[in-house]
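In the form predicted on its own, a lone chain appears below as structure tokens.
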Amino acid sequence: MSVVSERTRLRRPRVAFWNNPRVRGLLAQALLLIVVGWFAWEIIDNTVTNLQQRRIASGYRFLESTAGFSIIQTLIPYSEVSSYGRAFIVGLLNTLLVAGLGIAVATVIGFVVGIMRLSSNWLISRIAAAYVEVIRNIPLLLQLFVWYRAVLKAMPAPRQSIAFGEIAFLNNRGLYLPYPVFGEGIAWVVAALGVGIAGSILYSAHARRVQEETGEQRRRLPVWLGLLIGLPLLAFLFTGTDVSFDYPALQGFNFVGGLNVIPEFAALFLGLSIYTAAFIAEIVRAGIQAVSRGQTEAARALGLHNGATLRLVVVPQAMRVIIPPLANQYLNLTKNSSLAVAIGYPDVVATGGTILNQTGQAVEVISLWMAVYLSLSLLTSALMNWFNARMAYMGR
């Protein structure tokens, strides 16, 4: 009798399937999957039907056709007889160039201004505060117009250029600089630089491991300078690589030769860097203020001066707070570079827009834009997450 009662007590009560949370969850997910699939099918079917009605061919074969238009800035060989695919790659490289340089410069300016805001000097802190409050409250598109129309395009004509020692010239068509031309041995110098970068990374990992195991701090700066500068310099001297410069010269109504930094690139680079730096400065300020004041007092009690306290104690701990929002600003800068189309810089959106207008392949071009920016965002997020994990581990 007692055994039957125990089995009865342990027997799981039978409930209807609609009251089972697990079954309801599976049904909800299946229903959501059906709705999403139906929605995607409707979009694809509607797109295909409209393309067929307008007799527009689908696919990406148009990328092999001749582009027939020129691009004012190209990092790889390109001409009007190149293909649409190559034109799109030129625009993508231009986007990567301005985004990469913009991220580097915005980070430097942001860290300097963020630290300036915490300065005990009244004038320095107020200058930093004014920079942040003014820049971040003005739309980026307006700032781009100011840099392009009111500053760079207002420069004198080529014949009245501002000369810097007769080797560099600034006018309304951009900045002209001497362009270095290397001899055949440059490949060995580049290889030596690659070896130096790899050696620096390996030595840094070794020095970090030694410090974690023994507490001994190895000097890294002399080793880095030797590997990154000394090794390529030795390769340059031993291979006897020839270096000459192509200087810009005024011929007719414009300069020829040299390296030309076009005003469209300069305006976009300055606008993105200065605008994003204002937000990074606030992130840096908040990150430093998040570090306990006791850490600063302990460092000073050990005899560290203000610079060493900030560099060795405060900033490494603040980085754990700074890195996550910093990654968001890097993503914003990359995506904001699409505003280049407003001032005529040939980024991936501008070149893609020209391709779209000439071919009518709107769906394909938009899908390429989406793939490019999604890939850049995921890559940036992965790199910053990796860096954040390393900083968090080092801070323990």
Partner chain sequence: MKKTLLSLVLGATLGLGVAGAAAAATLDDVKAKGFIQCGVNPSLPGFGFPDDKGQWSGLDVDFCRAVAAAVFGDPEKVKYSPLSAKERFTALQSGEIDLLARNSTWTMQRDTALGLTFAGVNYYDGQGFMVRKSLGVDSALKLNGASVCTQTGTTTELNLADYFRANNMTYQVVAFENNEEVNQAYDSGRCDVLTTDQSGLYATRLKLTNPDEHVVLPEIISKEPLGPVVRQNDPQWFNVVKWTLFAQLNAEELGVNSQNVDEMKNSTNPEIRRLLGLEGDFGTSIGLSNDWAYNVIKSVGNYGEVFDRNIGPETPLKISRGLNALWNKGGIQYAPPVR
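Numbering follows the first chain given and starts at 1. The model shown is predicted, which means the values in this text are computed figures rather than measured ones.
Beyond the structure shown, there is the form predicted in complex with its partner chain, which is absent from this document and is the topic of what follows.
- Contact annotation: its partner chain lies within 4.5 Å of heavy atoms from the stretch 140-148 in the predicted complex, the single such stretch among 117-125, 301-309, 185-193, 140-148.
- At the 4.5 Å threshold, heavy atoms of Ser367 stay clear of its partner chain in the predicted complex, well away from it.
- Shown alone here, Asn254 lies within 4.5 Å of its partner chain in the predicted complex, counting heavy atoms only.
- Although the partner is absent here, Phe39 lies within 4.5 Å of its partner chain in the predicted complex, judged by heavy atoms.
- Among heavy atoms of Ala67, some come within 4.5 Å of its partner chain in the predicted complex.
- For the candidate set Ile72, Ala198, Leu75, Ala163, a heavy atom within 4.5 Å of its partner chain in the predicted complex is found for exactly one residue, namely Ile72.
- Proximity to its partner chain in the predicted complex, defined as a heavy atom within 4.5 Å, holds among Leu26, Leu33, Ala57, Ile44 only for Ala57.
- Residues are counted as partner-facing when one of their heavy atoms sits within 4.5 Å of its partner chain in the predicted complex; in 252-274 these are Phe253, Asn254, Asn260, Ile262, Pro263, Glu264, in sequence order.
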